[in-house]
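First, one chain by itself: the form predicted alone, in structure tokens.
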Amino acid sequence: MTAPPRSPVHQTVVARFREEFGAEPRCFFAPGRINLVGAHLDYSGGDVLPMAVDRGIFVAIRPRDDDVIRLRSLDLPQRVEVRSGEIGSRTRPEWGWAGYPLGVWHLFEQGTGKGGGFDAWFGGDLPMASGLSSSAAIEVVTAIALDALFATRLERQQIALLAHRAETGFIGVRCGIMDQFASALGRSGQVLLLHCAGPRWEHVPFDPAACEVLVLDTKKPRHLSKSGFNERVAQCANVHEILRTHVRDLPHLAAYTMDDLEQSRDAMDEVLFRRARHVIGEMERIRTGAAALRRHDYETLGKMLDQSHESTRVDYEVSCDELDVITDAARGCDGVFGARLTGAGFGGCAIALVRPGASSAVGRRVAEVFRRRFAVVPGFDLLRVGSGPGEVG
């Protein structure tokens, strides 16, 4: 595996740690991710196609001789100090962002029997609450660091599952496994085809010389735990139960076909029908998109992005005006294969697949359209395939 990146953020978190705590830390990195295709499939047992990127979260960290945990962040104001025995099984409002690493520590301590405290400075170069999965990167980098500090030799799948349990149990967000697996299992030059029902995974080639990923940031905040995300999870569970009762008993919603859905249409309301239609249709798009990547067919992959965005807009209703306008503007530019929202939606970022060298012109045109509509200047970032998590020397 290629070494994690060094960046100004890496240097800054180490320097701040030294100033604050007067000691030399070890430093670790975990990437954020973008999901090429497979919107809102992971918690319905579907397949997803995320790519770890070369941006993420760094942590400078060292163990302590007592049970005190001191957490700091370059990006957020809370300065949290707590004894490990006082953490409990759920986060507290006053902890804010620090609930993510504290949740990982709580589960790590329970699972490994390791105890004690630590000091940590976090910092990243991912936009917070933008759909690039900064929360999963915080969880994974904490787990990677604790595993190294305490020599527990956890496998990467164990790291991903521990991080996922921290978000669903300790934080209380009902999310699927994609974000944590994409961060923990990232690999240079490839994207992860994750079969969430296993979970099973394989890596699929992505050629940065043939296609680039331009992130389009609407600057509209997306607070996942306060959004309609949990409602969508519950709706998918409801429609799965209807299909099990009226058609056949399959383990996950994503395993059903359009014929199955049509057979049970009279048993559900229109909203549930559309939610299921998105999930089942997205499974076909992910299969088509993965096959396109294997043969380096970025035209077809781009079409799958366009169709995915339309489905999340109409059937899943997790888009918004800002995401619709910014993706429409991108599709109207030369050199763009396709565009869709990324992350959970409700704001944050979209992605566009562009031909190499086209991103500057695309950004100028999209910024003009978006600024005219919303009086906001969007952000743009051209991301490379990341290297996966690990220690930064």
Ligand code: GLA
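Don't overthink the numbering: it's just position in the shown sequence, from 1. On a predicted model such as this, the values are computed, not experimentally measured, just so you know.
Here the subject shifts to the form predicted together with the named molecule, a form of this protein not shown in this document.
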Partner-contacting position among Leu154, Cys175, Met283, Ile242 - heavy atom within 4.5 Å of the named molecule in the predicted complex: Cys175
Option touching the named molecule, based on a heavy atom within 4.5 Å in the predicted complex, out of Ile34, Ala39, Ala60, Val366: Ala39
Tyr256, heavy atom within 4.5 angstroms of the named molecule in the predicted complex: no
Close approach of Phe150 to the named molecule in the predicted complex, 4.5 Å, heavy atom: no
The named molecule contact at Val325 in the predicted complex, heavy atom, 4.5 Å: no
Contact test in the predicted complex: Phe229 vs the named molecule, heavy atoms, 4.5 Å: yes
4.5 Å heavy atom contact with the named molecule in the predicted complex for all of Tyr43, Asp179 and Ala344: yes
The named molecule in the predicted complex: contacting segment from 22 to 30, 65 to 73, 352 to 360, 336 to 344, heavy atom within 4.5 Å: 336 to 344
